[in-house]
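Given as structure tokens, the chain that follows is alone and in the form predicted on its own.
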């Protein structure tokens, strides 16, 4: 007979197997990525080659790097429309430094041309955060300012001209390889790994999610809401600056009109497809990586099958609609 202190086994209901809809909601991204991979492996010639892998990873690297910053911003309930313009600013400043007569061909010039543009983009990101936290401006409006003015600043810096350059050391950032893999892919993996650690294992990561889940409750709990928001916009700017440098290093040229064009839409799409809630309170860096890979593989698949790039844009829009609908279904 059991005495009064004996713990009785709990009558936990048996776990029901997930139906098709739940499986789709939980693992839809991974399933879509696998389907695209298998389809291309069967029907696309030369898909399973290192060259094709490098092409896709090179094209997706900057989207993922910017998407990581966008994930943190969206996790707090915000959005950053200025990332493309910040890429243009970063890309316009770097050649001005290493082509300057005082720094041309020097190690100091190359280091400064990599560090200062990233820091400047981070400062502009901090400016976004300042507008949002100090004046309570809606994030979409606050970042719209630099979305418009930022590209103008980049054009003024470059005098509106295409800047071409030959700088082997700087070009390593976009054209160099290690063990056959492009350098920017290593940077992408590093950014993803660090962001995953920060989001899962640090106080700051938990504060980011908490602020997006319930800003008022977070404030009452003593979380420095304003400081958290300032940091996520600064980080978004820093990562946009890095992506801008990679783009101009790949092309050995900087065009303020083209660098980072529509990047904000690609980053938001990767975040949405990856499963981060667009109203905040939940974030997944790995999901953003998977979302960016899905979008890239869809575009590659359509182009490989002879479908015009314009159609790929329409498909991308439909994917975003599907991802948002899936998020709404999950909430219900």
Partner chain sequence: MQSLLKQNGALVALVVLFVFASLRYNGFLSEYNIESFFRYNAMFGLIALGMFFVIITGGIDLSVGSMAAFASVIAALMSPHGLLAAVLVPVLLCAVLGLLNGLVITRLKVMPFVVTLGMFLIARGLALIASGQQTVLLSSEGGVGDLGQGDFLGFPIPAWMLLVVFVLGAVFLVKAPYGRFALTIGGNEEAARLMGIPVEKVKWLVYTLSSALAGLAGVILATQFSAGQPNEGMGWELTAIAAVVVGGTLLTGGRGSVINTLIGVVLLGMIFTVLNFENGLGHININSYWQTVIRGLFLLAVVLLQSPNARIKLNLKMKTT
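Residue numbers count along the first chain shown, from 1. Keep in mind that what you see is a predicted model, and the values were worked out from it rather than measured.
Quick note: we don't show the form predicted in complex with its partner chain, though the next part is all about it.
Peer 1: Tell me, which of 201, 164, 101, 138 has a heavy atom within 4.5 angstroms of its partner chain in the model of the complex?
Peer 2: Contact with its partner chain in the model of the complex is made by 138 alone.
Peer 1: Just one of 235, 153, 228, 118 has a heavy atom within 4.5 angstroms of its partner chain in the model of the complex, so which one?
Peer 2: The option sitting close enough to the partner is 153.
Peer 1: Looking at 89 to 97, 166 to 174, 138 to 146, 185 to 193, which one sits within 4.5 Å of its partner chain in the model of the complex if you count heavy atoms only?
Peer 2: The contacting stretch here is 138 to 146.
Peer 1: Considering only heavy atoms, tell me if residue 79 and its partner chain come within 4.5 Å of each other in the model of the complex.
Peer 2: Residue 79 belongs to the contact set for its partner chain.
Peer 1: So, in the model of the complex, is residue 131 in contact with its partner chain at a 4.5 angstroms heavy atom limit?
Peer 2: Yes, residue 131 is a contact residue.
Peer 1: Give a yes/no on whether residue 160 approaches its partner chain to within 4.5 Å in the model of the complex, heavy atoms considered.
Peer 2: Contact check for residue 160: yes, within 4.5 Å of its partner chain in the model of the complex.
Peer 1: Answer yes if any heavy atom of residue 298 is within 4.5 Å of a heavy atom of its partner chain in the model of the complex; otherwise answer no.
Peer 2: Although its partner chain is absent here, residue 298 would stay clear of it in the model of the complex, with no heavy atoms inside 4.5 Å.
Peer 1: Quick one: name the residues from 183 to 221 with any non-hydrogen atom within 4.5 angstroms of its partner chain in the model of the complex.
Peer 2: Residue within 4.5 Å: 216, and no other.
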